[in-house]
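Only one chain is included here, represented as structure tokens and corresponding to the form predicted on its own.
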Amino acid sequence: MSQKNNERYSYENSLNLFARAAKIIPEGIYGHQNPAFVIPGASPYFADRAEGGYFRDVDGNEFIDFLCGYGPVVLGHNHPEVENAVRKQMAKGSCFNHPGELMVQLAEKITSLVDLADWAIFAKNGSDVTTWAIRVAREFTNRKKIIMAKGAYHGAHAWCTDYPGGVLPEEKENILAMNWNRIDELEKLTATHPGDIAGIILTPYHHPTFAAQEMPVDGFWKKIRKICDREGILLIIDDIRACFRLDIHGSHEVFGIKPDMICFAKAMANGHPISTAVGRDRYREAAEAVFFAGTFWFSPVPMAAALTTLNILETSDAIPKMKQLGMRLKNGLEDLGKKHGYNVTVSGPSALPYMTFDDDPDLYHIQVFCREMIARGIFLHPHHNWFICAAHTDADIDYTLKTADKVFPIVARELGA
């Protein structure tokens, strides 16, 4: 970690570039990368380059990257094997009239890795495949309604977004919501809408923004499966965020889930744009009936990246390494919190941790904590879970914990313990 004289970072170039962007781009930076989602004025707005477990912003500030592009970077930025595969395919071409052999190879790879997968389709973003998956459920069952968990994120499409702009009430009228881990609420929904629920889409564990992550309670997934079987409901797992970061065979293996379809993206191609949905053979006819296409979805370049990434994850120690580093970070932060008079919780799987201060409903403490960590070269998001990648090292965790030991007292001085 090479921070200049341990001085706090400044973001003059980011702010100037944002002022230019705001004149010609709605919001300047839109969506989840809008600066308002992090800490406006106290974190970088624009990135310049990245390598391994680090990235550099347009002001030349370097950060240990614990956000990893919101999850896609799993092996580390600019991974040589992945980028070599990408360059090799780029030399042949990236956008054709037809798919290439790599699409077949990648589908073969994924269906060999994921136990339930008899087929696979490809797109670019998580929203593409989650929306398509619920349409397949509707096609198969000839029913309308979909159940999701309150606070869950399944993409930016109208049926699942929390943002009301441009969304018609009719686009959400067949979406039902339950609180995470509340089987009683699911039972009530199935009783209220008998024979009209096509599918339930859930993440393997609950990872809302602006809140601690929640793991499934004992028996949760067995009860979900039993209800789905009883009611003829398709169980769709949205594994976009964790993807193959927890297990090369998918997060459902970690949690003992038996889904009908799974949606993957993020930790699949080490930052290159691709997503996939897989399913059991009995849903193949319904999948073929739901039209699905995009101009750039058949590009072989991200498929080359995905095939290489999956091979590395399968044959290396990357997955257990991320788990181990995440546990060191979790245990270290929780111990340091106690040392400085705070009860902090690092929730979620260790490779995708998120820290919250107990009794901090407004998130002021975590905002100050992340602001000060970012100012010292460690990029931690105050409102979204973090990510460990295989390029992170024990030295990165050591530096992070050493810095946190200095930052907790700053939080106490500003907000009180």
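Counting begins at 1, following the sequence as shown. This one's a predicted model, so the numbers in the text were calculated from it and none came from an experiment.
What follows is about the form predicted in complex with a further copy of the same chain, which we do not show.
Judged against a further copy of the same chain in the predicted bound form with a 4.5 angstroms heavy atom cut-off, the residues Thr203, Ala318 and Ile366 are out of contact without exception. In short, of 309-317, 267-275, 336-344, 244-252 it is 267-275 that has heavy atoms within 4.5 Å of a further copy of the same chain in the predicted bound form. Proximity of Arg20 to a further copy of the same chain in the predicted bound form falls within the 4.5 Å heavy atom cutoff.
Contact annotation for Ile237: none of its heavy atoms lies within 4.5 Å of a further copy of the same chain in the predicted bound form. Although the partner is absent here, Leu186 sits far enough away that none of its heavy atoms falls within 4.5 Å of a further copy of the same chain in the predicted bound form. Of the heavy atoms in Thr111, some are within 4.5 Å of a further copy of the same chain in the predicted bound form. None of Ala191, Ala177, Ala289, Val217 but one reaches within 4.5 angstroms of a further copy of the same chain in the predicted bound form through a heavy atom, and that residue is Ala289. A single residue from the set Gln324, Thr141, Gln213, Thr161 has any heavy atom within 4.5 angstroms of a further copy of the same chain in the predicted bound form; that residue is Thr161. In the predicted bound form, the residues of 277-305 lying within 4.5 Å of a further copy of the same chain by at least one heavy atom are, in order, Arg284, Ala287, Glu288, Ala289, Val290, Phe291, Phe292, Ala293, Gly294, Thr295, Phe296, Trp297, Phe298.
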